[in-house]
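In structure tokens, one chain follows: the form predicted alone.
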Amino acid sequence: MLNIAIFASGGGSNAEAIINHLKDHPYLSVRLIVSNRKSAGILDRAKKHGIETLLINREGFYETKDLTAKLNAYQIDLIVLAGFLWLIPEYLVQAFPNRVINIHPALLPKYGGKGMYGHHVHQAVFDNKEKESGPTVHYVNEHYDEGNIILQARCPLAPTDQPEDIARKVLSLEHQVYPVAVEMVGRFIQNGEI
């Protein structure tokens, strides 16, 4: 069995989509939810699904490498970022090479980088009068949104779409695409390709 740790800071709708998709999967299991906010909605979702949780703080995350040992204790094979806003430190990227993935709510390389998350992304897409948008699943490196792309999905945007409409369309696609991408990367690991 390959074990997944999902890192999330917010409500956890993407995390829950992944959990539901992988329920009864033959070789992939969400083993742990890691959050940097004790009030994050993802923690309630984890409890509902009987998944263990781990709360982290900024100091421990950036100034020590203790998290690697904790993840190893859970035998984690893949880290999935689902609305986790902190930059992943180099030690963690090196400990899990090509085994940390993220979803970004825009068609990278456009609208990525520091400060480009959530409504900031959708506002920028709106301001630039883009005709399409969609999520990008990518490997994580030491820089925001610069890792190799695994999968993208596109949706057309209407001229009347406001940032909130764009956000709704993209999130709907995220819930469809991210579980499939997680399963795809899990297959790569299972087959020894990464």
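What you are looking at is a predicted structure, and each value in this text was computed from that prediction instead of being measured. The numbering used is simple: start at 1 and walk along the sequence shown.
Just so it is clear, the following notes concern the form predicted in complex with a small molecule, a form of the same protein that is not shown.
Colleague: How about residue 118: is it within 4.5 Å of the small molecule in the predicted complex, going by heavy atoms?
Modeller: Output for residue 118 is yes: heavy atoms within 4.5 Å of the small molecule.
Colleague: Mark residue 173 yes when one of its heavy atoms lies within 4.5 Å of a heavy atom of the small molecule in the predicted complex, and no otherwise.
Modeller: Outside the cut-off, so no.
Colleague: I'd like to check something about residue 71: if you look in the predicted complex, is any of its heavy atoms closer than or equal to 4.5 Å to a heavy atom of the small molecule?
Modeller: Answer no; every heavy atom of residue 71 is more than 4.5 Å from the small molecule in the predicted complex.
Colleague: Could you tell me if residue 87 has a non-hydrogen atom within 4.5 Å of the small molecule in the predicted complex?
Modeller: Output for residue 87 is no: heavy atoms all beyond 4.5 Å of the small molecule.
Colleague: Sort through 103, 100, 107, 76 and report the residue having a heavy atom within 4.5 Å of the small molecule in the predicted complex.
Modeller: Selected option: 103.
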